[in-house]
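Shown next as structure tokens: one chain only, the form predicted on its own.
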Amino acid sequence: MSSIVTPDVWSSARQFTQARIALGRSGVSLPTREVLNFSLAHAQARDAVHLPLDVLTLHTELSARGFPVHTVSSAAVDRATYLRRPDWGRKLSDTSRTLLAANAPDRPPEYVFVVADGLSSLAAEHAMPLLEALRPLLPELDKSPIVIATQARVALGDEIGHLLGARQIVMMIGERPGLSSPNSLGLYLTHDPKPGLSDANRNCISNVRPEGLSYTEAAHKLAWLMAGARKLGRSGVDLKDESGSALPPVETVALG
């Protein structure tokens, strides 16, 4: 049966990538195995978009590790609305806005992390390992508020950070799923967050997952950018990632 499939001369390169290369052929068509694999990957990507974020489990895990946790939602009332109206995913619901305003800490936090579903709720599984990798690098991380956000777009973090008085906001959000990466996490750092900012005001770290950018590497880059934003007084296009390939040492984000 295997002789039916003509192998590709680049087959050995598949060990270095998850991309669909060197698939071989059966006559003038793809092998049945590769057609089925493609259909499975497509289904996994669709599921990643529509699967609800497991807020209860995430809240329980974060609370068990001592993080102050708040749960909010955007103005998009459901997933269908979220996908049709990206602008509603960029602003808080009235109830969530009132909740955060009432729970703003007396001492404004240096940074706030938001764990959001975005376009892949599956990516939230990387939030806890990443926070653990950040513990040695970010002073007072355990005292920093963690906000769980549903039906969220990246810019939702600007309003969240502004209401909580944070100097920096980090959105940990599910990225648009690809056909080999349905659970990729993106990190978006914004210094001095407030409504109305654009993507030019943020720094992005993409593809955080074991098969992509490791938790250790992502934590190193993020801590470096956070320290850089403090020194520069802003984030975004003026802040270049010069963290380099060597992981330790990295300057911790000093407070005060």
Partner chain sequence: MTFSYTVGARRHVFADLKTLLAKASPARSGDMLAGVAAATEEERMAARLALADVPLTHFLNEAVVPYEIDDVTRLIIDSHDTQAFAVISSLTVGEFRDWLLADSTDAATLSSLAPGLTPEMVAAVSKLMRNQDLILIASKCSVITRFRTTVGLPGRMSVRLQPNHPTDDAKGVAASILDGLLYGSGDAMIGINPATDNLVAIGKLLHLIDDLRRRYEVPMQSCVLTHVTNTIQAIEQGMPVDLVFQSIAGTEITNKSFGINLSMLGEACDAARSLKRGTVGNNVMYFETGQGSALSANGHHGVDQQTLETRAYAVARKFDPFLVNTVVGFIGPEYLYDGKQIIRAGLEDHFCGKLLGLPMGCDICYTNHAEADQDDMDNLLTLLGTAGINFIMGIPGADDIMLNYQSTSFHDALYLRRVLGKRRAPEFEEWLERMGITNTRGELIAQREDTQPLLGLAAGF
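Nothing here was measured: the structure is a model prediction, and the numbers come from that model. Residue numbers count along the first chain shown, from 1.
This next part talks about the form predicted together with the partner chain, which is not shown.
Q: Does the partner chain come within 4.5 Å of a heavy atom in each of R20, L23 and L119 in the predicted bound form?
A: Result yes, every residue of the spot touches the partner chain.
Q: Using the partner position in the predicted bound form, report whether L30 sits within 4.5 Å of the partner chain, counting heavy atoms only.
A: Flag for L30 set to yes.
Q: Using a 4.5 angstroms cut-off on non-hydrogen atoms, would L232 count as touching the partner chain in the predicted bound form?
A: Contact with the partner chain, no.
Q: Answer for S93 alone: is it within 4.5 Å of the partner chain in the predicted bound form, judged on heavy atom distances?
A: Because no heavy atom of S93 falls inside 4.5 Å of the partner chain in the predicted bound form, the answer is no.
Q: Can you tell me if K143 lies within 4.5 angstroms of the partner chain in the predicted bound form, counting non-hydrogen atoms only?
A: K143: no contact with the partner chain in the predicted bound form.
Q: Residues in which of 187-195, 64-72, 48-56, 217-225 have heavy atoms within 4.5 Å of the partner chain in the predicted bound form?
A: Single hit among the candidates: 48-56.
Q: Which residues within 62-91 place at least one heavy atom within 4.5 Å of the partner chain in the predicted bound form?
A: Residues within 4.5 Å: A80, L83, R84, R85, P86, D87.
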